[in-house]
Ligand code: DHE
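Have a look below at one chain only, the form predicted on its own, in structure tokens format.
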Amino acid sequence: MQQTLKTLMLTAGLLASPLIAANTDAQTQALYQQHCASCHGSDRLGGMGPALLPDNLSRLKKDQAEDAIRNGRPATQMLGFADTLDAESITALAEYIYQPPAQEPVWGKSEITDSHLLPHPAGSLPDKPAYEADMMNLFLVVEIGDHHVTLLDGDSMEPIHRFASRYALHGGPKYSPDGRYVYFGSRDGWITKYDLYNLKVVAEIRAGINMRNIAVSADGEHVMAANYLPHTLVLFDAKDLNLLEIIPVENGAEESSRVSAVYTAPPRNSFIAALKDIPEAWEITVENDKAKVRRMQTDTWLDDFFFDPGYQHLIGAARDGKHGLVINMDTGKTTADLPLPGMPHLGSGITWDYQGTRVMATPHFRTGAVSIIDMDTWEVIKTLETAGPGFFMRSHENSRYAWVDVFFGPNKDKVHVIDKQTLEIVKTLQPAPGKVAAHVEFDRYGKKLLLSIWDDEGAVIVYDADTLKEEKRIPMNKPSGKYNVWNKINYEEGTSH
């Protein structure tokens, strides 16, 4: 028997009351508590299921939320309520979860430590891999369609294992320096440490309510989380994810800020944080498990960062989407202003050697272009026209080519291949007409590469990096990012860090 808002109101004696409209929200809350709270938390902060707050649901449209409530989500514990709730109630619940809570939720020390899970403490699992493979040439493929991760052998290009992830992984997994462990960060604030030798979760902890990404220190000793909600950076011991410190993100006037992202700067033995609401960039060093913050004032708000290979300069995209700033990391001073119209996606930028100088290249979110910049003079030496705005750009030191997608707009099913020495597009691929083709990752040698078809009935396509010929397709459920162990731990010039 379907349960309706009318049924609940009759039970409560409210049907004839002038307070019907005022109490509609209360009845929807009652439906939520009855049917949703056990998995998603009575305060919508999440539990077994993800948090149901507006910022956490930014990737999910309301009609998709209604469909999930009605029909459930495949390969998850989310069951459908089509036989339990009528259409009006389902719509009301979908509207409700997109409303901000009456009071800003709290996620502090006690909430973080209470969330700590330790299924396999450090030292409790064997120190040898449970399978045969080149452990440096493994890929992790994040499948956002059903929230799973596939471990792929980079030599045979065959799946080794597939396991469930937390909801909405974000910002890319990060590896320990030896490649044995991988750390995932979810939009809901969960950090998961996973043992690639034994294919088991080692530890988990929830760092925040809405988290942007995580970073692992160059020595592998610490993990730092960047939060939108609350406005904090959170430091953990990488060994078992024990909480070390919560760093409030505020300026001298006690104005707080969301954290756009946190990065590792290996040569500097530090973390770098990009702030969303304060015109500052932070460098954080850790000594004796305590964080020390160095503030760098910027001329404007910076939304995205890129670093030169030696981490001597930080390149940030200005909020206005028209230019970028180059900041000397030692002095904290702005040394150059880059004309970059169209909101560059600097987090996806790459570098390579070109005619005796180091150049960087970045796609743009709002215009069909790739900007190529001389990193000695900080001048834009070429703006390469593409078939539309792009999201990801990738290459490899051993490859002649760079790949860039056309993620936004009508040509989202196309991918450009750029010759890094002529700075020209030499080939445009359309591997699955009508479906988004995006995000390339090379194997450790730069001989093969993987390209995603972002569709529920999608695939990872294997290409020969020299001939640009397709070799095989591996079916997957909306595969997004692919992350090669060797490339990530060695900060390969052609991939994101």
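Keep in mind that this is a model prediction, so the values were computed, not measured. Start at 1 and count along the sequence shown; that's the residue number.
Beyond the structure shown, there is the form predicted in complex with the named molecule, which is absent from this document and is the topic of what follows.
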Within 4.5 Å of the named molecule in the predicted complex, all of N213, S260 and Y263 (non-hydrogen atom) = yes
At the 4.5 Å heavy atom threshold, is W486 in contact with the named molecule in the predicted complex?
-> no
Would L169 show up as a contact with the named molecule in the predicted complex if we use heavy atoms at 4.5 Å?
-> yes
Hey, in the predicted complex, is I278 touching the named molecule, heavy atoms inside 4.5 Å?
-> no
Could you tell me if V359 has a non-hydrogen atom within 4.5 Å of the named molecule in the predicted complex?
-> no
Per contact check vs the named molecule in the predicted complex (non-hydrogen atom within 4.5 angstroms), the hit among 331-339, 243-251, 380-388, 171-179 is 171-179
The named molecule: the contacting residue among F306, F236, W190, F392 in the predicted complex [heavy atom, 4.5 Å] = F392
Go through Y194, F407, Y401, F271 and name the one with a heavy atom inside 4.5 Å of the named molecule in the predicted complex.
-> F407
In sequence order, the residues of 438-454 that place a heavy atom within 4.5 Å of the named molecule in the predicted complex are H439, W454
